[in-house]
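The data below hold one chain only, encoded as structure tokens and taken in the form predicted on its own.
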């Protein structure tokens, strides 16, 4: 599945994004295991709430971190997250 810029993105109901105090990082929990996330990945996934499209996520994160040129990295991560089933189009 490829990233569709016209569709909103939502975190998969089969997975759970949560803060793990013991590891001091966000993780994705699913029946087969757990994926540890870096700070950037967690910030991207927190915006996959069914209301944001890829461009919205880029704009919001560039504003939040006062950075520009994040589009390629964010799109690559979103594409990987789609392929892994962590997020879906809605």
Partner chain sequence: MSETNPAPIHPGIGAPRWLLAELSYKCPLQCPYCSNPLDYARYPDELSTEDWKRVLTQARRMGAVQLGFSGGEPLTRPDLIELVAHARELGYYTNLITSGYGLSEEKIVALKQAGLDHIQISIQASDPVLNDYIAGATTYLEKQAVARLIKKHGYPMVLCVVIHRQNIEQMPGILAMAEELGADYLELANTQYYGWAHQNRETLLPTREQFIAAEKIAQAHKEKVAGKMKIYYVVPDYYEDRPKACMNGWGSTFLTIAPDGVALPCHSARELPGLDCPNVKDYSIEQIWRDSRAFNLFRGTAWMQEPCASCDEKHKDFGGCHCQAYLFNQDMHSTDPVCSKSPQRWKVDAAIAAAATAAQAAEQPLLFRNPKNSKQFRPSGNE
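Positions refer to the first chain, counted from 1. Bear in mind the structure is a predicted one, so any value in this text is a computation, not a measurement.
What comes next is about the form predicted in complex with its partner chain, which is not displayed.
Of the heavy atoms in residue 34, some are within 4.5 Å of its partner chain in the model of the complex.
Although the partner is absent here, residue 18 lies within 4.5 Å of its partner chain in the model of the complex, judged by heavy atoms.
For residue 67, no non-hydrogen atom is located within 4.5 Å of its partner chain in the model of the complex, even though that partner is not displayed. Its partner chain is not shown here, but in the model of the complex it comes within 4.5 Å of a heavy atom of residue 84.
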